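A lone chain, given as structure tokens: the form predicted alone.
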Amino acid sequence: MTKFSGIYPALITPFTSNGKINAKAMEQIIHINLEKGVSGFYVGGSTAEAFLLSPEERKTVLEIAMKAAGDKVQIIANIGMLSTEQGIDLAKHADKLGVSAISSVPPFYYQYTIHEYYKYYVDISNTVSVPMLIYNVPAMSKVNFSEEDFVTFFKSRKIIGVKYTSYDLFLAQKLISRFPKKILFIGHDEIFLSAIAAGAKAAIGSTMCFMAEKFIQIRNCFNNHDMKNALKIQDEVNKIIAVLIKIGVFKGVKAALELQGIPCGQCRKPFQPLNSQELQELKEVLDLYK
């Protein structure tokens, strides 16, 4: 298997009824997706409610994932924190566990210069043996990196690419063309087909937790020049995602897994549970596009 290519579900953090991490449920999600043929998992990202977990809980989640996945696939750990020292602590823990790469959202809330962002990534990556992925997610971090910013980042040999969660496919294609040796993981499931048409070779996504097979099918159709079916499946995916956006993506992903028989619990407060109407709407669209 080519390293850092294919489908990587962005794992949720399942909780028990009393709000503790549900290791058994997380193992179920991993094992089911391994059977589907995913290439790896992205652990501790937005979908995992990372910033609603304590640092120790984030370490526990990664330990569970590493044990469940073994050495069968790549594990990428998001170690993003608000400070460099906190990020280093999570990065060293991930490195000791044997992850394939680390990744980090840019430190947010405070505004930094591009040099300060660059130093954040380099200072962390220089403390570990594994490579680093920039996590570009402007909708969440409110930090929007430009093409020239990536030129700065990619000066570091430890920074091997980007988890690119942006709708700007123009910039994505320019990065793929300009930096052919760097890896671009598309992070928006709803533009997966468009991104692989632009040259992306890998994807990290929330909805891949419960429907990874659809993305594998899209990729296979695209590789076999079957654009009709690739578009059809992407359209099915997007109809499901439209409902998730309406009801709340992270809550909806957990509910979708619950409907598949995996107890995931609720997202942590201040998230609120889905109501009966929202659950019914999700169930109907999932039943329609099984």
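The structure displayed is predicted, hence computed values, not measured ones. So that there is no doubt, residue numbering starts at 1 and follows the sequence shown.
What comes next is about the form predicted in complex with 2-(acetylamino)-2-deoxy-D-mannose (MN9), which is not displayed.
When 2-(acetylamino)-2-deoxy-D-mannose (MN9) is considered in the predicted complex, only one residue from L52, I245, L259, M227 comes within 4.5 Å through any heavy atom, namely I245. Between the options M140, L82, L97, I114, the residue in contact with 2-(acetylamino)-2-deoxy-D-mannose (MN9) in the predicted complex by a heavy atom within 4.5 angstroms is M140. Stretch 43-51 is the answer when you ask which of 43-51, 217-225, 58-66, 24-32 has residues with heavy atoms within 4.5 Å of 2-(acetylamino)-2-deoxy-D-mannose (MN9) in the predicted complex. The three residues F4, K72 and M132 each lack any heavy atom within 4.5 Å of 2-(acetylamino)-2-deoxy-D-mannose (MN9) in the predicted complex.
When contacts are judged by a 4.5 Å heavy atom cut-off, E190 counts as touching 2-(acetylamino)-2-deoxy-D-mannose (MN9) in the predicted complex. The closest non-hydrogen atom of A10 lies within 4.5 Å of 2-(acetylamino)-2-deoxy-D-mannose (MN9) in the predicted complex.
2-(acetylamino)-2-deoxy-D-mannose (MN9) is not shown here, and in the predicted complex it never comes within 4.5 Å of any heavy atom of G87. Interface residue remark: G161 is not counted as part of the site for 2-(acetylamino)-2-deoxy-D-mannose (MN9) in the predicted complex, having no heavy atom within 4.5 Å. In the predicted complex, the residues of 154-179 lying within 4.5 Å of 2-(acetylamino)-2-deoxy-D-mannose (MN9) by at least one heavy atom are, in order, K163, T165, Y167.
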